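In the form predicted alone, a lone chain appears below as structure tokens.
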């Protein structure tokens, strides 16, 4: 079996998320699998590096699929881009080792959450930003973020209350910066739980607004209770920036 890696971008506003679902055909994975099946003339199962939420975006999503066919990478890339809607794009197709798995082999993911910190709307980029007009104390937010960096049980930041698998993750860094009227939060880690980035961003925003204190972060982690953490921010401000792999050798 041949194994191919796809590097993808998408504007997720009008989709029901990455993952194919039984109650909707309007997913990124579903659209791609249909086209891949038509191209390969066999049923294709596409594996993504992770599931992005409905309305969230990606600049560097990675996926892979197996096929019995030997494919021309550039021809497949062009075919997909010619037939995909304008808000989904394939930047690269690459033959990889048969064992490569887009999700299991990911060693680092970077997510960006964008906050428009102004009372004046940003009409042109409104689909990619969460607007928060309240004044934000970035130094307090950075102090709070420092408590979340490292290896912790992030159950308090998981939307799946029935999660049976481990909720321990390692956050390598959280960067918070102001770019004009925008406050940009960049999260880098070895993996993230369901809604984890949106919850961390919401919690840090509440710190910036003075509704939570930086020193409350250790207690929030220790409680392992979703109700202890802050709000979940809307998906539209979330972008999967990149996914990294230790080694992804070509076949």
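Numbering follows the first chain given and starts at 1. Since the model is a prediction, treat every value here as computed from it, not as a measurement.
What follows is about the form predicted together with another copy of the chain, which we do not show.
* Asked: Pick from 152-160, 167-175, 121-129, 94-102: which stretch has non-hydrogen atoms within 4.5 Å of another copy of the chain in the predicted bound form?
  -> Among the listed stretches, the partner-contacting one is 121-129.
* **residue 77 within 4.5 Å of another copy of the chain in the predicted bound form, heavy atoms** => Yes.
* Asked: Is there any non-hydrogen atom of residue 90 lying within 4.5 Å of another copy of the chain in the predicted bound form?
  -> Yes.
* Asked: Could you tell me if residue 44 has a non-hydrogen atom within 4.5 Å of another copy of the chain in the predicted bound form?
  -> Looking in the predicted bound form, residue contacts with another copy of the chain do not include residue 44, since no heavy atom lies within 4.5 Å.
* So in the predicted bound form, does residue 180 come within 4.5 Å of another copy of the chain, heavy atom to heavy atom? -> Heavy-atom contact with another copy of the chain at 4.5 Å: absent for residue 180.
* To do: Let me know the one among 220, 36, 58, 205 whose heavy atoms come within 4.5 Å of another copy of the chain in the predicted bound form, would you?
  => When another copy of the chain is considered in the predicted bound form, the option within 4.5 Å is 58.
* Asked: Which residue, 106, 84, 138, 110, has a heavy atom that falls within 4.5 Å of another copy of the chain in the predicted bound form?
  -> So the residue touching another copy of the chain in the predicted bound form, by this definition, is 84.
* To do: Check each residue of 6-20 against another copy of the chain in the predicted bound form and list those with a heavy atom within 4.5 Å, in sequence order.
  => Result: 9, 10, 11.
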